[in-house]
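Next up: a single chain in C-alpha cells, the form predicted on its own.
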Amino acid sequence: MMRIIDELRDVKSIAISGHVRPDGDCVGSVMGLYLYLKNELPDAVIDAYLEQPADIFGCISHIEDIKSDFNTDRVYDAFVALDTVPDRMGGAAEIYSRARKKINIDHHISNPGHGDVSVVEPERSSTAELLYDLMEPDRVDEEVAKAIYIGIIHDTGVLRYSNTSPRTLQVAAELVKFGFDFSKIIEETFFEKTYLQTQIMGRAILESMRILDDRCIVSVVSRRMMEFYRVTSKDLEGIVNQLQSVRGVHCAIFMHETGTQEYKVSMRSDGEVDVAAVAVKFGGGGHVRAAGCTMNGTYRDNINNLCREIAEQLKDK
C-alpha cells in the first residue's frame, strides 16, 4: 500500500482540506494528517484549510491552526484532498486547482477518483481509517492518534454502524493504546449536546412525518426555526440518525434550509435503500446507508423528488 510520506517527502509546501460543512471524519482526517506531516516534514510549509469546525472538536491538538479564509493566491507543491471530491471543497477548490500535485484519499463510493494520486476504498469505515493505514505506524504519536480516532468513531457511530469492519476495530484498538481518554472523547464529541441542540432535535422529531407506507420518515428545519432557537447548521448533527432509529423505517430524510429555497439534505438507511444512489441523482454522494446533497426548490418539491427515487427502490420490497 502507498505510504503518504513517500508522495510528499520532497515537496516544500502542502495544503490539506476536506469538504464543506466538515463532519468528524473530515476534521479528524485533516487534522490527523496535518499533525503527522508537521512531525515528519518540519521544514515544509503545511496548511490545513476547512470551514470552521464545530466547537466539539476543540480537543484536537492545534485545531486553531485551521485556515478558514480561502482567499490566497499561493500555489502549493502538493494538495491532499481528504474525504471529498473537488465539487464539495468549497473555497478550497480554487487552491486545489492550482496545486502542482494533487492527492485524493477517500472512502466514499461516489468518489470516481481525481488528482494525480488517488486512493479510494469504499469498503473502509472512514477516511480516517484509510489514512491511518497510509501512515508509518511507528511514526504516529498520541495527538495524531486522537484525531484519527475521532474521525473513525464519528463515521461509524462509535463503532456500531455496519461499515465497522474487523480492521476498523483493530485500528481503533491500536489507537487507544496511546492512552488518551477515549471515553471522554466519545462523550464530548459524539453524544453530548447543548440545551439548544436538544431543543431543536426535539422540535425536528416532533414535527417529523412518516411517508411511503411508513417506511420513510422526513423532517425539516427552516431558517426561521434555527433563528428562533439560536442554532447553526453545526447544531443539527445527529438529528437524521435519531430519525432513522424509528422502528419500521427504512430511510430517514432530514433537511435544513441554508438559503432561499436551498436545503442541505441528509439521508440515512438501514440498507434497504441505497441513499448514495439517490444523492448522486441530485449532485450529492456518500454511502449506501448514509449520504447527502444540496437541493433547490421548495421543501415539498424536494421531498417529492427524493421520494420518487426512494419509492422506486422500495417498490419490490
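A residue's number is simply how far along the shown sequence it sits, counting from 1. Note that this is a predicted model, so its numbers are computed, not measured.
The same protein also exists as the form predicted in complex with a small molecule; that form is not shown, yet it is the one meant from here on.
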task: Indicate whether residue 88 is a 4.5 Å heavy atom neighbour of the small molecule in the predicted complex.
output: yes
message: Under a 4.5 Å heavy atom criterion, is residue 290 part of the interface with the small molecule in the predicted complex?
response: yes
message: in the predicted complex, does residue 266 come within 4.5 Å of the small molecule, counting heavy atoms only?
response: yes
- request: Mark residue 215 yes when one of its heavy atoms lies within 4.5 Å of a heavy atom of the small molecule in the predicted complex, and no otherwise.
  value: no
query: Looking at 49-57, 33-41, 66-74, 282-290, which one sits within 4.5 Å of the small molecule in the predicted complex if you count heavy atoms only?
result: 282-290
